[in-house]
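Just the one chain here, the form predicted alone, laid out as structure tokens.
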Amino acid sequence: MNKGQKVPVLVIGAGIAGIEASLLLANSGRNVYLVERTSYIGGNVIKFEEVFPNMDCATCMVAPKQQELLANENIKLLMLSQVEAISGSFGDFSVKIKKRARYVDLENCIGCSACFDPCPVEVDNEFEEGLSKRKAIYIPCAGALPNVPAIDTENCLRFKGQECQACQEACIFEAVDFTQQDEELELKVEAIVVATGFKSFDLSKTTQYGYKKFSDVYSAMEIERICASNGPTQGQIFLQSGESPKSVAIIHCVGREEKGYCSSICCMASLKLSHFFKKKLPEVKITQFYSDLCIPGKAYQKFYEEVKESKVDFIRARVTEVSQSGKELAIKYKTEDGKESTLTVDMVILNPALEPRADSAKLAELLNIPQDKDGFFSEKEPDLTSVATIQEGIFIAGCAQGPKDIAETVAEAEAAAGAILSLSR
């Protein structure tokens, strides 16, 4: 390998880890291909209103990084794209990418949203956890970047064979372009950073909690979006009846028994939800059900104490069932000493385990790197600080390696970028 030649680096995933690694590499003079499967950048973090433990504004934290990335000439952003094949070795990887057409021109579009209303199609908005609707031409949420819509070809009438061009006719800037085609790209890269993030445990697998059966049982991510100022309710918390909840139960570790591991950040996420509710509804009564509390570090301990002081109750118990009791929800639980009790509340929030993305096994095979027993990508050494894999030049960062908070995720992205820059000297 010619060390004087600046061969690009491939970063897979444009969440907080992928963005951080890409910027560090690009600002060191390296060219970066950043591959993202969705139509926007930012990953799960942009769904949050605030982040623990200091309850900093998530948008204020992430948006400057997003803008910097979009403006960086050393970064080639490939959205709606997935890795299809990988061959070669460190310094000379060949990577095949399938890039789906957006059908909206990134340069011509000004993000005016004039194309939304004329679209006759309405479907559940996945970004909003199905709590609101979107059109077949859409931006996931207000403030998503880039502020350019994409066309959902699975639901667009035109791509189902019907004569519809309502969005195109509404765009005076001629940004809607039905002539765009999917592309197959072949890239030559020196090294690869895998930053594909996580997904939440499927709560439908735990029927005892009444998820999707009872109207006021929510997932933690659904509540994140409800509490968000750019979410489906603009941050207002309501029951299905339209009233504000007077009592809420937050159940930790849903799916932990099925997965067999602790997701480490769920306790802090549950504390954050309590903070949201107390901030918006000061008189609400909150009860947290937990099996173990994972609250590492002084900053997290301080946040925990602050939440406790706001009169949040903590019960160490195993929840056995959630059922409907009139207009309320009845929670049956068993404490450590075997005592069984029932608590009735207006709303139940389920905080699920974090698990690898569904396509992790396929990507691991393409990269020729192992997964651990839980399905996360494995590091080369059994070291909490390691980001290297058994394949030289391939690194993992963030929740692709296992559940972790934002600070740990950023640290791993920095480590991965630093390792690549060191190897390239």
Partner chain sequence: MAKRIGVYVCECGTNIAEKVDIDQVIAAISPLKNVEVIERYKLLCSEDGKEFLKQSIEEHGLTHVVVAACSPKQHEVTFMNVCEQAGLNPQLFQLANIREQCAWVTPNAEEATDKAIRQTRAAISRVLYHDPLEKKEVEVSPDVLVIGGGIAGIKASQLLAAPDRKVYLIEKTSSLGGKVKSFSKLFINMESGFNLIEQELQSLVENENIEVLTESEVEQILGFLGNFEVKVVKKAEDKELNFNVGAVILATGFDLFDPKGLPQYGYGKLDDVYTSLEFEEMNIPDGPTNGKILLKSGRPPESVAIIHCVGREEKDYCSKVCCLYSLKFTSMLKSQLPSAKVSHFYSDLCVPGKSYQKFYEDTKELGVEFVRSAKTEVIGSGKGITIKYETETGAKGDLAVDMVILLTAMESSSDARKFAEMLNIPLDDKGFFVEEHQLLSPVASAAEGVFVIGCAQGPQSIAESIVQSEAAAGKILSALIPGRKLELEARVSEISESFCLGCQTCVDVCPYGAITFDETRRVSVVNEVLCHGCGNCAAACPSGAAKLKHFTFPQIYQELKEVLR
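Positions refer to the first chain, counted from 1. All of these numbers come straight from a predicted model, not from anything done at the bench.
Absent from the display: the form predicted together with the partner chain. The rest refers to it.
- Taking non-hydrogen atoms only, residue 299 approaches the partner chain to within 4.5 angstroms in the model of the complex.
- Contact annotation for residue 41: none of its heavy atoms lies within 4.5 Å of the partner chain in the model of the complex.
- In the model of the complex, the partner chain sits beyond 4.5 Å of every heavy atom of residue 393.
- Residue contact with the partner chain in the model of the complex: residue 418 places a heavy atom within 4.5 Å of it.
- 293 is the sole member of 123, 293, 142, 239 with a non-hydrogen atom within 4.5 Å of the partner chain in the model of the complex.
- Proximity to the partner chain in the model of the complex holds for none of 76, 128 and 281, with the criterion being a heavy atom within 4.5 Å.
- Of the candidate stretches 110-118, 149-157, 345-353, 207-215, only 110-118 has residues with heavy atoms within 4.5 Å of the partner chain in the model of the complex.
- If you take 251-272 and check each residue for a heavy atom within 4.5 Å of the partner chain in the model of the complex, you get 256, 260, 261, 262, 264, in sequence order.
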